[in-house]
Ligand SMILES: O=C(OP(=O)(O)O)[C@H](O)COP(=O)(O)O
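Just one chain follows, in the form predicted alone, and it is written as structure tokens.
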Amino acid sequence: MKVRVGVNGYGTIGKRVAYAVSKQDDMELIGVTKTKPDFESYRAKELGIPVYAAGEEFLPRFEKAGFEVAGTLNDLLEKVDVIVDATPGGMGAKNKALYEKAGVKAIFQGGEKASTAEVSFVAQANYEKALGKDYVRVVSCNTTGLTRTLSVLQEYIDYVYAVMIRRAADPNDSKRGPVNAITPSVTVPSHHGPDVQTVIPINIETMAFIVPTTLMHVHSVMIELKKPVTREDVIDIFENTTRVLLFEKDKGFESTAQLIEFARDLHREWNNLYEIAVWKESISVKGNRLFYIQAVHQESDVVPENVDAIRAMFEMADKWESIRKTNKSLGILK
């Protein structure tokens, strides 16, 4: 039996998760929700995806446009086993009561507080903790990126210091900024460090800046080591870590622009770079400190985590079986 999946919110993350679910042989995409009949709604319908109004209050918008919906969110909840909530941050917590009333499992995104769900999730780090759970939170793009690389270095970590250089907006977002400024997050730590700690138990402090770019986030990571490790050891660990790829400046990967071009060259949908990109040259060990720089495609790195979370919640596969199935279905390189 396939798990029946609905997606509440068909935007940047929601449409990518819906696509990923449709590629799984053990899941069925039942439908998605929208608040208005915009181009994404029409595209979903063109793809044969049933579109539901996110609530009865949004029905007049669709009726005015002559856009026929399959029903409302409540109707969708009657047909699914799990709902992936990809609504704006804070909305998921409000929607949880609807999911509980419908008796439907739910996956929330990183914009929600950890307390919204039973477990915060990154597949390679804590898949087993989500087994059989009803409510799981896939952590944010930045937290996912940090956790992917830090979780495989845990035995060496005494303390982590990381700086997030965050993109200002997604490429399709014309409302956010800054356009000509660098905005610091003046609270220390930024929310990223405590969020990592909801997944793996490490000492970590983070700071963050928002810069005028749309392509990717960049992390500058410094680790104080509790036991020796060589640069070659770290390279070997990353080369053997799923959903992490090493890129070399000497091969033309000078910036996030080339990383996105690489995803385009792979003919990835929406230029998705599911893998965390680590610049090989940046990996350096100085005394008891390890340094590296990585980039995170904020629109897509959490997508495979949503798929794996579904399998964990329904106990459909063990960790590595699920990761392998998801990776193969999405063309993830390792």
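One-based numbering along the sequence shown. Please read all numbers here as calculations on a predicted model, not as lab measurements.
Separately, the form predicted together with the ligand exists; it is not shown, and the next lines address it.
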**Message:** Although the partner isn't part of this model, could you tell me whether Ala162 comes within 4.5 Å of the ligand in the model of the complex, counting any heavy atom of the residue?
**Reply:** no
**Message:** My question is simply whether Lys79 lines the interface with the ligand in the model of the complex - judged by any non-hydrogen atom within 4.5 Å.
**Reply:** no
**Residue contact check: Cys141 to the ligand in the model of the complex, 4.5 Å heavy atom** = yes
**Asked** Contact between His191 and the ligand in the model of the complex at 4.5 Å, heavy atoms?
**Response** yes
**Request:** Would you point out which of 119-127, 151-159, 235-243, 164-172 contains residues with a non-hydrogen atom within 4.5 Å of the ligand in the model of the complex?
**Result:** 164-172
**Prompt:** the ligand isn't shown here, but in the model of the complex which of Lys96, Lys226, Arg176, Arg264 has a heavy atom within 4.5 Å of it?
**Reply:** Arg176
